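Same chain, two versions here, written out as C-alpha cells and called structure 1 and structure 2.
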Structure 1
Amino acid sequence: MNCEVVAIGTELLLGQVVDTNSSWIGEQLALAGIDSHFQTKVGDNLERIVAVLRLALERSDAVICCGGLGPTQDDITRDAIAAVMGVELVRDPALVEAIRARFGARGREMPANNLRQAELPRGASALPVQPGTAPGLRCPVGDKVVYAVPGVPWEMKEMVSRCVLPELRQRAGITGVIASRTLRTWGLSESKLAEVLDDEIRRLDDTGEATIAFLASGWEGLKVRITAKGDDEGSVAAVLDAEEARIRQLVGDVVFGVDDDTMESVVLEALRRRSATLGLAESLTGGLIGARISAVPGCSDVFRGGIVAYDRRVKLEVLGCPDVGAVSEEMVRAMAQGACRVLGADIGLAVTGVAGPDPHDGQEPGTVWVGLARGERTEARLLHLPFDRERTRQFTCITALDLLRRRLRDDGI
C-alpha cells in the first residue's frame, strides 16, 4: 500500500506558508507502515489540481489531499475531486445541519458561504471525525481512494490520526499494531550515539523486533525513536519497554525523558519531588532559561524567578558578586550563590559567557561557565560551544538545565 500526499494552496507555492502538513502526514504514514513515494504542492487551480490527482491515482493506491476545503471561492478541492470522479457535487442536508449547529454552538449564524462545505462529490462520504467547520471527505475512485482533509493543522491531524490512517491500514490489511517511543537525550552527539548503539542497531536489523531512528532537535535535545510492530498493544508495549531498557543501559544517563517530556518539565518535576525552589542568574542567555522554565504551566510552585545580570553592575550590585572577570569560575559561583540568596531559593543556577559574535573580556565566543549552588555546595563547569550566537545561547540553556537534572537525581539536593 502506498499513499501520496497532495497539499493544495497557492500560498504554499509562493512560500507564504511552509507546508508542514505534508511532512507530518508523511511521518504518520511511515509510522503506520504505509509507504509514501511522492508529495506534491499545487496551487488553487482546478485544471492543475485535477491533473495532479489523476497522476497520483495512477501511481499510488491512495491519496490524501490537504487544504482547499474552506468556504471561499478559492477552495476548490471538492470540485477537483468531483471532476476526477466524473460526478457532480451534491449538497448533503445532514452536513448542512452539522455545520449550522457548529456555528450555533458559538452563538453565530452560519454564513451562506459555508453551505459550500456541505457539498460532496456524488458517491463520496463525509469523514465521521469533524473537529472544525470543514468536513473531511472520503472519495472512492475505482478500487482506490482520495481523502480530503482541511489545511488547518489541528483539524487535519485529528482527522488523519483518528480516521484516515486506521482506514488506510485496514485497506492495506495491516492488522497489527505499530507504536513508537521517543527517548529524549542530551550529552552525546548523533555520531557518538550511533556508535554506542551500533551493535544494538545491527541486532535489531537481524531480528526485526524494532527499529531505531535518531532525530536531532536543536535545544530540544537529540531524540532516539524506537518503533515496533506486533499483534496487539500489549506485545508492542513489551517490546518497547525491553528496547528502552536496553538502550538506557547502553547510553546511560544521557536519557532525560520520554516522549512529551522536555528538559524543563523533567527538571520541574524533580524539583517538586524534593520540594526545592529554583532561582536563576542569567548573563549571556538574557532570560532564555527563565522563559523556557516558565513556558511550563504550573511552574510557580517551585520557580521563584531570576536575575538577568546582563550588565556587569547588575552582577555586582544586585547579585553581590565580587569584582572579578565577568566570564570566570569565581563569577559564576558567586552568581549562583547570589541567585539563592537574593531570590530566596534553595537552588541557584547561573550562566555567564560569551555568546558572540565578538570576543568579550578577553574570552572567545562560545566560552561559557555554568554554576550551581545548593546549600553549602557550589560547583562550576566550563563549556566551549562552537556555535553562532543563537545556538550558543540555546545550548547553554539546555546544558545548564541538564547539569541541574543530574544533580537532583544523583544526590537529592
Structure 2
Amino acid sequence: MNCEVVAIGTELLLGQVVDTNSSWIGEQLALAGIDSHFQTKVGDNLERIVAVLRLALERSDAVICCGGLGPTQDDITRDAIAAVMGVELVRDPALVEAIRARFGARGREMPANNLRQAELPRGASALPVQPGTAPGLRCPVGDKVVYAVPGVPWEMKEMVSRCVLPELRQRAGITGVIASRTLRTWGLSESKLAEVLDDEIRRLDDTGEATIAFLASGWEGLKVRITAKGDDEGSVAAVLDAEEARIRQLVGDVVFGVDDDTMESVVLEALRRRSATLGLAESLTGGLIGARISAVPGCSDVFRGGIVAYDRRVKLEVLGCPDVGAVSEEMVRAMAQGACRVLGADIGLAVTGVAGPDPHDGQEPGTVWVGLARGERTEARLLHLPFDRERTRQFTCITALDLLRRRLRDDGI
C-alpha cells in the first residue's frame, strides 16, 4: 500500500500559506507503516487538479487530498474528484442538516453558500468524523480510493487520525504495531550527533530492530526519532526503551526531554522538584524566555516573572546594575542578581547581548552573555552566535534555559 498526498490551494503555491499539512500527513503515514512516495501541490484550477489526481491514482493505491472543501467558488476539490470518478455531485440532506446544526449551535444562520459543503460525488460517502462545517470525503475509484479532508489543520488531523489512517491500515492488511519515540536534544549539531551515533545506526541497519532519524527544529532543539515495529505494543515499547537507553549512553546529557517535552517544561519541572522559584532579566531577547515559560500551564507555582531590561536605564534603575558595559560579564551577573532581588526569586536568569544586524556597545552581532544567580553565587557564559537577528534571539533563549537545566540537574547553583 502506498498513499500520495495532494495539497490543494493557490495560496500554497504563492507562499502565502506554508503547507504544514502535507508534512504532518506524511509523518503519520510513515508511522502507520504506509508508504508515501509523492506529495504534490496544485492551485485552485479544475483541470490541473483533475490531472494531478489522475496521475496520483496511476502510481498510488490511495490519495489524500487536503484543502478545497470550503463553501466558496474556488473550493473545487469536490468537483475535481467527481470529474475523476466520472460522476455528478449530489446533495446529501443529512449533511445539510448537520452543517445547519453547527451554525445553529453558534447562534448563527447558515449561509446558502455552505450548501456546497453538503455535495458529494455520487458513490462517495462522508467521513464519520466532522470537526467543522466541511465534511471529509471517501471516494472509491475502482479498487483505489481518494480521501478529501479540509485544509484547516485541526480539522484535518482529526479526520486523518480517526478515520483515514485506520482505514488505510485495514486496506493494507497491517495488523502489527509501529511506534516512535522522539528524544529532544540541545548542544550538538546534527552532523556531530550523527557522527556520535554512526556505529549505532549501522548496527540497527544490520539488525532491523529499529530506525533512527534526525530532525533539526531550530530553537526547539534537534530531534532524534526512534521507530520500531512489532507484533504488539509491549514488544515495541521494549525495543524503544532499549534503544533510548543506548542513545542516552552515547550522547550524554544533550538529551533534555522526550516526545512532547520542551526545554521550558523540563526546566519548570526541575524547579518544582527543588521547590525553587525563577525570575528573569532579559535584554536582547525582549521577554522571549518569559513568553515561552509562561506558555506552559501551571508555571505560576515557580515562575515569579520577568523584567525586560532592554534600555540601559532599566538595567541601572530597576535591576540596580552598575554603570558598566551593557554587553559584559559584569552586567549579566548583576542582571541575574537583580532578577532575584527585585522579583523575590530563588534563581535569577539573565541575558544581554547584540542581536544585530549592527554592532553595539563595542561588540559584534551575535555576542551574547547569559548569567545565572542563586543568592550570592553567580556565573556567566559567553556565546558567539553566527545567526541573523531573530535566530540569535531564539537560540539565546533555548541556550539560556539549557544552562539552567544543567545547573538544576547538577545542583551547581
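These numbers come from a predicted model, not from an experiment. In this text, rigid core is short for the largest set of C-alphas that superpose within 1.5 Å between two forms. The first residue in the sequence of structure 1 is number 1, and each one after it adds one.
The first of the two structures is the form predicted in complex with another copy of the chain. Rigid-part membership, decided by the better superposition fit of each C-alpha, differs between Glu11 and Val196 in the motion between structure 1 and structure 2. Once the larger rigid part is held fixed by C-alpha superposition between structure 1 and structure 2, the smaller part shows a rotation of 13 degrees. The Cα position of Thr20 changes by 2.5 Å between structure 1 and structure 2 once both are aligned on the rigid core.
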